[in-house]
Ligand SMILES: Cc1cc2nc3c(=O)[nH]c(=O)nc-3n(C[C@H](O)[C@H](O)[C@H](O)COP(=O)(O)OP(=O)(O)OC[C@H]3O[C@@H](n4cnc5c(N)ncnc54)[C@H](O)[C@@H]3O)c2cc1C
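One chain is shown next in structure tokens, namely the form predicted on its own.
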Amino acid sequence: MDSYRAIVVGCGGLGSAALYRLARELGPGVLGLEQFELGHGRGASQDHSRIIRLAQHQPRYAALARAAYRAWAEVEAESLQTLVVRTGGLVIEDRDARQGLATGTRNIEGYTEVFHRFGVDHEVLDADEVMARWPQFRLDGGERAVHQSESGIVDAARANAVHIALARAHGAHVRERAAVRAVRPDGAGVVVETDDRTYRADRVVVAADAWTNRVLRECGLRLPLTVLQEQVTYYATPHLAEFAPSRFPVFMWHGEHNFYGFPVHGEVATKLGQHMGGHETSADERTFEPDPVRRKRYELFVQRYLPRFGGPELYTKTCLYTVPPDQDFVLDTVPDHPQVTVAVGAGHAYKFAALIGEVLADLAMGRRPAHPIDDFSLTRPALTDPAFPRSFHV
């Protein structure tokens, strides 16, 4: 039985970051296990781009946002690779469309309140001011927006590869196509079983996303997780200069549906997605076929509000969100088994991935993280009370 000081199960966005941070501390005593090939497209953290932003509407995430930028800067400094591109970012609210939606939905006042609380520079703009600065938009006139200059893009696929490369540089071992069948606490350590090999570790980090409950089934823990199949579309816009990162910001649109979009990055194309628009599925039952209803919804949004953003569809691809009932992260050690640490990103963690790697390394090593994570506990009511209502915010 091979022994390691730490094993990380899952080498996507959160797992690769944890592997890197643990390898910096423990060197060759760290193993990463990935059930598919590295960089596969079956999970949550593939693709070229994720939004990074200080624009958070909930204090528990705003409290982590600046530290996330710092963590990404550390990874860039060690690797000399560019992972974060600042474009500025807009949050645009179609106030008419938001009327009558459930209470607790996002609004510009919610963002500005958090900005003031955390001392984040920002501008509040009306529709005319948005179109004057970014004439790519065609707004109706009743929209309001908030702009924050430090928002931008994290290249997710590249960042995962950089985390893996840095972990290996510090001595970590990585096994691809090594599906974990059991994580079993054993005394003060943990036994980890794959199809062809059994390992023993002092501590294990489980970052298995949609496969979390399968991996944890011998730890006496089952989480109430909902898996959603989401999708994004890339458009081969012919107007490349207008949508270059230096001329067009990342944006989020809060209206009848919530969209998010990117300038040209990764592909020679713009990108549009819908937040929390997908149907329920599972890791086994998901398909890779795009939903034509959402594809058409994206097309109509682009035609109405960003007509030159569109163009021939380059491709539409799917991914998975794995979401607790309160839509918050899970970052904690298993009750009664502190040698097992669990991370679930809830469909919106990538912007924090470099920082979450630090947090997971601290938890695995028995240290209290320097950052506030109490809201992400495994013992919170959303995860322990069967009657807790599913309250996804959109």
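Numbering starts at 1 and follows the sequence shown. Here the structure is a predicted model, which means the values were calculated and not measured.
Unshown form predicted in complex with this ligand; subsequent notes refer to it.
Screening I51, L54, L331, A68 for any heavy atom within 4.5 Å of this ligand in the model of the complex leaves a single hit, I51.
Site annotation in the model of the complex: the residue of Y199, F301, Y260, F115 reaching within 4.5 Å of this ligand with a heavy atom is Y260. Taking non-hydrogen atoms only, Y321 approaches this ligand to within 4.5 angstroms in the model of the complex. When this ligand is considered in the model of the complex, Y350 lines it closely, a heavy atom lying within 4.5 Å. This ligand is not shown here, and in the model of the complex it never comes within 4.5 Å of any heavy atom of Y234.
In the model of the complex, this ligand sits beyond 4.5 Å of every heavy atom of E358. With the partner left out here, this ligand still marks one of 162-170, 224-232, 132-140, 79-87 in the model of the complex; by a 4.5 Å heavy atom cut-off that stretch is 224-232. The candidate spot formed by H40, G43 and A178 lies fully in contact with this ligand in the model of the complex, as each residue has a heavy atom within 4.5 Å of it. Contacts of stretch 207-226 with this ligand in the model of the complex, defined by any heavy atom lying within 4.5 Å, are made by A207, A208, D209, W211, V215, listed in sequence order.
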